[in-house]
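Below you'll find only one chain, the form predicted alone, shown as structure tokens.
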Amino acid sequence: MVEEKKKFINRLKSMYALRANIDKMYARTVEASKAGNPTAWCAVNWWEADPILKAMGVEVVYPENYGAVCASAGVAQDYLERSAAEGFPTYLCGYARNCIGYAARMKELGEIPPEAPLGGMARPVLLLNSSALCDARYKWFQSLGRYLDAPVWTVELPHPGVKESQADGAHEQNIRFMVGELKEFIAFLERLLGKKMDWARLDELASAFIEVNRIWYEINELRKARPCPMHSRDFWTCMTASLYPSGDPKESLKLYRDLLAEVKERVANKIGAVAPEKYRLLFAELPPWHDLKIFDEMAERGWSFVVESWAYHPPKPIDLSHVSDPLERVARHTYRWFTGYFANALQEDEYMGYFAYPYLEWARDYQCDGAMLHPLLSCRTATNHLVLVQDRLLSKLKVPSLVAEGDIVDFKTFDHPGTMRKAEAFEEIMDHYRGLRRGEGLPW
């Protein structure tokens, strides 16, 4: 009889149903494509275009998520190599390279590659891009024209600075701009698909997506408890229903409510995701999808990752019940995600209200002993602020950082043994700064 290996992360049972949602996403799109129904490949767009596509009956998959799927399944390297053979540089975004390699292989075969995990991504009728954050997307989606006969549309998101966002009239002007952009997108979709928008359905979906994120936010707030009831491993699994909302939002609502109930039960009974919880850490930004087992090894040392990845988190909730126009509700919800930390950042004289500043709030609120920062070879957007995060956490809160270079998709760039050696030494550093925080009267 083979002895079962001990698991050091106490995974949430309700997580598994949310994990199955990922499989359903790809299966639905393949089935829709076979039936002659419209499908789209979408960049993550933080709910700006998702409810519109759903209301128009378009099934969606997300190439960024598929990059993580391929890395986790161990097949990404072949697509990365195919991308390089097509002439794309190896320092390009790993998600983009995986997607381009996949698209080139699909064109070569004339069908979904047989090795593609989760049934693969079906051939799309639309490539939906987003201007939010990432600098690779414009040319990435444009370059897919070599392999796919599908138009590209980009939904725009204003990127004001912290001070600029608080200027008189700036907020409402940006909302009006977003609503205008979404109206143009709907007009384009109606021409492309030869059908009219179902506005009642859009109204319903907009409200449902906002409610999904409200509950998801509440779940993550409960992770401030000691011991933390939910590890980052479960967060990265469960966030898919929010960040990549291709399924029925009513189903996602039920699954998140089940998750909320389980997390509440753990908090009430002081059940932690890691026992004993010796150290509480935050993680920034994108994880090494090809090597998530490293978090199990860290859990064995008593490391509990209690908060992570700002861009993957839902926005701070605001009341939008008084907004009758579904496009305006969508715009305000998405804009809130991007600028929700800006007012507090301005009060603390921090200029990077997205990405960098939220970790200051979280390190205090979640009482973190340290941070694990993951600079990515192929993602400037999720890397360029990490030096600032490291500096601010240490200088303002006496919270040190462990830096472990790597990549989201390319496993060749991540030093697993070296990172674990750093982790052992880092415990002494966290112990030292824990004493300094207490000496300065900080509450943890």
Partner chain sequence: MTGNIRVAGEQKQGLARAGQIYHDRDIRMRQLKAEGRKVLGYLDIYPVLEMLTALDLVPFGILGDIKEPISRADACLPTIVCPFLRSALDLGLKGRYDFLDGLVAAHTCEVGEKWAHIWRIYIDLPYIHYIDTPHTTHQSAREHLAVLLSDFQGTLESFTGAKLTPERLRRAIRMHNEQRALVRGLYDLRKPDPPLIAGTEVVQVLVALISLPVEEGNELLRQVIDEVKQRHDGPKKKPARLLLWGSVVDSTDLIAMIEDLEANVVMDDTFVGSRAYFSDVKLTDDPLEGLAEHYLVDIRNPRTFRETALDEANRKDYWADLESRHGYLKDYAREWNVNGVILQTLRYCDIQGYEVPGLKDYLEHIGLPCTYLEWNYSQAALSPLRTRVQAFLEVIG
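Numbering follows the first chain given and starts at 1. Predicted model, so just to flag it, every value in this text is computed and none were measured.
This next part talks about the form predicted in complex with the partner chain, which is not shown.
Novice: I need the one stretch from 185-193, 227-235, 311-319, 213-221 whose residues put non-hydrogen atoms within 4.5 angstroms of the partner chain in the predicted complex.
Specialist: Of the options, only 185-193 has residues within 4.5 Å of the partner.
Novice: Considering non-hydrogen atoms and a 4.5 Å limit, which listed residue (Asp135, Asp198, Glu277, Asp291) is close to the partner chain in the predicted complex?
Specialist: Going through each option in turn, the one that passes is Asp135.
Novice: To verify the annotation, which of these, Lys139, Arg364, Lys264, Lys250, has a non-hydrogen atom within 4.5 Å of the partner chain in the predicted complex?
Specialist: In short, Lys139.
Novice: Please run the contact check for Val75 against the partner chain in the predicted complex: heavy atoms, 4.5 angstroms, yes or no?
Specialist: Residue-level check for Val75: no, no contact with the partner chain.
Novice: Residue-level contact is defined here as any heavy atom of the residue lying within 4.5 Å of the partner chain in the predicted complex; does Glu297 satisfy this criterion?
Specialist: No, Glu297 is distant from the partner.
Novice: Mark Thr383 yes when one of its heavy atoms lies within 4.5 Å of a heavy atom of the partner chain in the predicted complex, and no otherwise.
Specialist: Close contact exists here: in the predicted complex, Thr383 approaches the partner chain to within 4.5 Å, heavy atoms only.
Novice: Answer yes if any heavy atom of Leu394 is within 4.5 Å of a heavy atom of the partner chain in the predicted complex; otherwise answer no.
Specialist: Leu394 lies outside the contact set for the partner chain.
Novice: Scan 407-444 and write down, in order along the chain, each residue with a heavy atom lying within 4.5 Å of the partner chain in the predicted complex.
Specialist: Heavy-atom contacts within 4.5 Å come from no residue here.
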